[in-house]
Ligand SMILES: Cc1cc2nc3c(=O)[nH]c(=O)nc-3n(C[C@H](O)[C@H](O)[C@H](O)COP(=O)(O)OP(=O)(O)OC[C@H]3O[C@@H](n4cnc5c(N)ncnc54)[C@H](O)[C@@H]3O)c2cc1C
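The chain below stands alone and is given as structure tokens, in the form predicted on its own.
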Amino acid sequence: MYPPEFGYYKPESLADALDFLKGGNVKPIAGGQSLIPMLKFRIIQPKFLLDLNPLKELSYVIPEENEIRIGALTRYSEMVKSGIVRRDLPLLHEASGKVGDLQVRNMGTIGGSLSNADPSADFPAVSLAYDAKIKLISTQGEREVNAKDFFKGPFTTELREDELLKEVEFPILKGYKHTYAKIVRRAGDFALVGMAVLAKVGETVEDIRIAYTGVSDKPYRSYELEKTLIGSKPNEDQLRKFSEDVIKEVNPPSDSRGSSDYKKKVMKNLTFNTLKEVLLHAS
């Protein structure tokens, strides 16, 4: 299919871009990995595309004392190559290397992935596991939204029409085990089910964060079930019960990747095997 007609605007500065957004019915574009297909299928029909690629000031990885700030236009491939991300945000680094193929990683941006909020995308679940803070900007100023409050539903976020996602702030979690696991039908495909895990494990589980993609209309994290693992010295029976309980909390949408029941079975097995690897091998 051909996309609908639209105008194109290339801003000269961030202020220029924000001012143009105020006109309404404008869709920002950076990597275009999800936006272009949505245009072709006419899922979205904006009046203008706002090309963010000239805004180099939005591409950065900046270490602070307790967190890492990553600009919205930072490409997946840049996060794979970054020594700072590899050292201080190993879960994000691992997930970045598992997104799509080389072409997707060279074009896609973290801000684009989070703004698009595809229920099967990788970075929304990773940001949820980290409890990342997402900074939004408009001509009215900046505001900060926690990842758990940012995602509202499929392809829907807290972003207003006149706002841009400016930056994501990830906390540095020292001493945590991590893994990003996902099941895909074909190499480079979106996740059938994906799972981001961060766990601090000593004699017992001191903290654990488990976030999923592909199992709901937005990234999912079971905060209450996580508490059942904290303070415990887990064994296979406990992890099997967690895996059986967590699938009762979700209702994955059936789509071309699989039925809802099939996704629950995949989620159950992925959860058990991943937690077994992280928690039992870590203790």
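Here the structure is a predicted model, which is why all the values come from computation and not from measurement. Position 1 is the first residue in the sequence shown; the rest follow in order.
Note that the form predicted in complex with this ligand isn't included here; everything after this is about it.
For the candidate spot formed by 154, 250 and 272, no residue has a non-hydrogen atom within 4.5 angstroms of this ligand in the model of the complex.
Proximity to this ligand in the model of the complex, defined as a heavy atom within 4.5 Å, singles out one entry of 246, 229, 29, 68, which is 29. Only one of 81, 98, 200, 87 lies close to this ligand in the model of the complex, with a heavy atom inside 4.5 Å, and it is 98. Not displayed here, this ligand is approached by residue 189 to within 4.5 Å at the level of heavy atoms in the model of the complex. Under a 4.5 angstroms non-hydrogen atom cutoff, this ligand in the model of the complex lacks residue 212 among its neighbouring residues. With a 4.5 Å cutoff on heavy atoms, residue 205 does not count as touching this ligand in the model of the complex; it lies far away.
In the model of the complex, this ligand lies farther than 4.5 Å from every heavy atom of residue 127.
The partner is not shown here, but in the model of the complex the stretch 152 to 174 reaches within 4.5 angstroms of this ligand through a heavy atom at 159, 163, 164, 165.
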